[in-house]
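What follows is a single chain, given as structure tokens, in the form predicted on its own.
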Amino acid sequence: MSTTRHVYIDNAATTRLDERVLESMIPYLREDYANANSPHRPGRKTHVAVEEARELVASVIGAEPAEIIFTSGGTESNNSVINGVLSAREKRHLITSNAEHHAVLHPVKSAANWGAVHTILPVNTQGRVTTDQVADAITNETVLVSLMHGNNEVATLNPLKEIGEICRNKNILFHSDTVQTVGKIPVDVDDLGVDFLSISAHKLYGPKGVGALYARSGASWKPWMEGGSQERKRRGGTLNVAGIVGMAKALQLATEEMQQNQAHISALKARLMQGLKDRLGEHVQFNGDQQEGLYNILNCSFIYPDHPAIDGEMLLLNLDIEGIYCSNGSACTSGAIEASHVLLAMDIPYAVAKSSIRFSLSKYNTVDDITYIIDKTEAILRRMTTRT
């Protein structure tokens, strides 16, 4: 079925590459393609480009260039921290939450295979952990706390600064997955008190397959990816020069244009919320912290007591047919028929969680997009709830 309109609104999964970012990358795909670790002149030229990118990434988050390690993205950065800290320290206790991305939850649980133990904190009904929970969970064996900054499904922000102070006072390492916040809101490693921080370029209009890990100087950590001298022997493998340059450009633009992007996207989100509320009334429920949380993510459940089988997968399929491209949560779990583990962690009933979808907006979305989404969502739900 053809449509006259296509609306991409799954930007928490990935964003459209900014044309200016693409332009910055092209020279390193065509002319300046040398390996950045080669000793000859072309290699030295690409090495300089990598180091300039490192300086830019570091400056945006208040770090030193030597504390930035380029990776393939958020998942690698998260795994690298968890495995690397356990390799470097004798203590074996990890703390995280049940609303984390699977790129944290899975390696935390897998670490049990080599003697680590973990505490998975329950989040509240907004998807947040408290400082008291973290403080109470700490033991003499705690080595690392890993808690995301902004939740990728429900927009809720964790109180990282306060948690960072607790970890620092207890001499415990603190990591945060910040892939949904860097480039959208100010992130400073000293202000937040983190020892490790994960970044992914494709969440901020940069290329896929490239990211960064911030590792505070002096923090106990061992590289988990070996086999080369790259990144000061902290991450072996040929550097993705074009991707690294593109990530730095994307981060520069996101930082420079943060206020105008936030104003534009916040207004669209408010319009979307109000439109759905006006059209659907009590049948729509917004999940997470939609007042103080991230301004680009809106998680909605659709509740029809007379039609308890409203299914998010079917709703997504119908929206897709209408040219509206969103998701039911993390793209890493798309295709799964289960309800979101984040929503279940927030004590949302299974049937309600299963009816939920996530709209995540970008700087490229428009007011007309929002109007179209509201109209089509209402029409689809009307069809789904009037069938006999």
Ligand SMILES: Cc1ncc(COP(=O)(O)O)c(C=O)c1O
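Just so we're clear, the structure is a prediction, and the values are computed from it rather than from any experiment. In this text, residue numbers run from 1 along the sequence as written.
Same protein, other form: the form predicted in complex with this ligand, not shown, and the subject of what follows.
Asker: Within 4.5 Å of this ligand in the predicted bound form: all of 269, 275 and 365, by heavy atom?
Answerer: Judged in the predicted bound form, none of 269, 275 and 365 sits within 4.5 Å of this ligand.
Asker: Would you kindly say which of 246, 288, 74, 183 lies with a heavy atom within 4.5 Å of this ligand in the predicted bound form?
Answerer: When this ligand is considered in the predicted bound form, the option within 4.5 Å is 74.
Asker: Could you check which residue among 82, 155, 194, 179 gets a heavy atom within 4.5 Å of this ligand in the predicted bound form?
Answerer: Only one option qualifies, and that one is 179.
Asker: Go through 163-171, 236-244, 146-154, 126-134 and give me the stretch that gets within 4.5 Å of this ligand in the predicted bound form, heavy atoms only.
Answerer: Among the candidates, contact is made by 146-154.
Asker: Wondering, does residue 103 line up within 4.5 Å of this ligand in the predicted bound form on heavy atoms?
Answerer: Residue 103: yes, in contact with this ligand in the predicted bound form.
Asker: I'd like to check something about residue 299: if you look in the predicted bound form, is any of its heavy atoms closer than or equal to 4.5 Å to a heavy atom of this ligand?
Answerer: No, residue 299 sits far enough from this ligand in the predicted bound form that none of its heavy atoms falls within 4.5 Å.
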